[in-house]
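Consider the single chain below, provided in structure tokens and representing the form predicted alone.
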């Protein structure tokens, strides 16, 4: 392939991806109902309405554009990723759009619904038994087929333009302009790659906002331990049960310096929260949204105790239909020995009193 032909193909590929973005409206910002007398508003940025149904649609688009403009993706490039599910779904979508072969390395524990979506968009799944094995296997496959390893865990924090260009942070602040507390007191996000927290953290500093960034981390994940100790080689070696967030090792895209606070969240608290969300708003979300809600409720409770008014923004990361046979299945919860009942009671009390009493 000549360089001219290659550049021509890349220009057309960028146009195709940009056209797809232009066809997609911005995602909604929903209000979670709280007692009016608290003087605090809670918003959920609904990333489940992207064409591929999750927050990872933004990341996949950025990774493809990053690979294209860096000369790493061409007309015949085989694309390889390591993913727990949602990123691979979105990447398969973009790969099909460009007519490229896409292979993703996934843990066998990935939900069947996500596997079906990856394959629906033409992606190929390559399985490993242990989450830590994804990385070397993806590297091996990319090398074997002379392909490009998209590597979301390394490039997430640099593929997105944190200064603007309609990134998620810029979108949130634009949508908040007419609210009674337009500059959020807190933004609460989880960490899978660390890219979202890096984007928000950099953006609020660049725009000189007073907003603080809180990152929530599920059981078994390494991010909280790394942030608490300062050891970026911190590792648990254990997979997260909350798909999309939490990692057995600290990923290169995790930027602790832009984070103001981290919270460890019990899995039962995450899964109780998504049931509460569905009951109170009708929105059906995945487990990572529940982790976000736990963190938001914790910070709101603190704001109330300190007599502070303001707003809190978090993310609805993906839809709950992907987890109908797991997080929303009582038999699955029993099999995993996850008891959500105490946390459901905790949330009910919180929404009345504003106090989030810890479960013991």
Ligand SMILES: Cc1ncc(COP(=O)(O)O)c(C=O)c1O
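Residue numbers count along the first chain shown, from 1. Here the structure is a predicted model, which is why all the values come from computation and not from measurement.
Unshown form predicted in complex with this ligand; subsequent notes refer to it.
*Asks:* Just to confirm, with a 4.5 Å cut-off on non-hydrogen atoms, which of 218, 244, 269, 123 contacts this ligand in the model of the complex?
*Replies:* By the 4.5 Å heavy-atom cutoff, the listed residue in contact is 244.
*Asks:* 302 to 310, 331 to 339, 316 to 324, 38 to 46: which one contacts this ligand in the model of the complex at 4.5 Å, heavy atom to heavy atom?
*Replies:* Of the options given, it is 316 to 324.
*Asks:* Since only the chain is shown here, I'm wondering whether residue 193 would be in contact with this ligand in the model of the complex (any heavy atom pair within 4.5 Å).
*Replies:* Looking in the model of the complex, residue contacts with this ligand include residue 193, since a heavy atom lies within 4.5 Å.
*Asks:* Verify the contact flag for residue 55: yes if a non-hydrogen atom of it lies within 4.5 Å of a non-hydrogen atom of this ligand in the model of the complex, no if not.
*Replies:* Yes, contact at 4.5 Å.
*Asks:* Although the partner isn't part of this model, could you tell me whether residue 288 comes within 4.5 Å of this ligand in the model of the complex, counting any heavy atom of the residue?
*Replies:* Answer yes; at least one heavy atom of residue 288 falls within 4.5 Å of this ligand in the model of the complex.
*Asks:* Within a 4.5 Å heavy atom cut-off, is residue 90 in contact with this ligand in the model of the complex?
*Replies:* Residue 90: no, not in contact with this ligand in the model of the complex.
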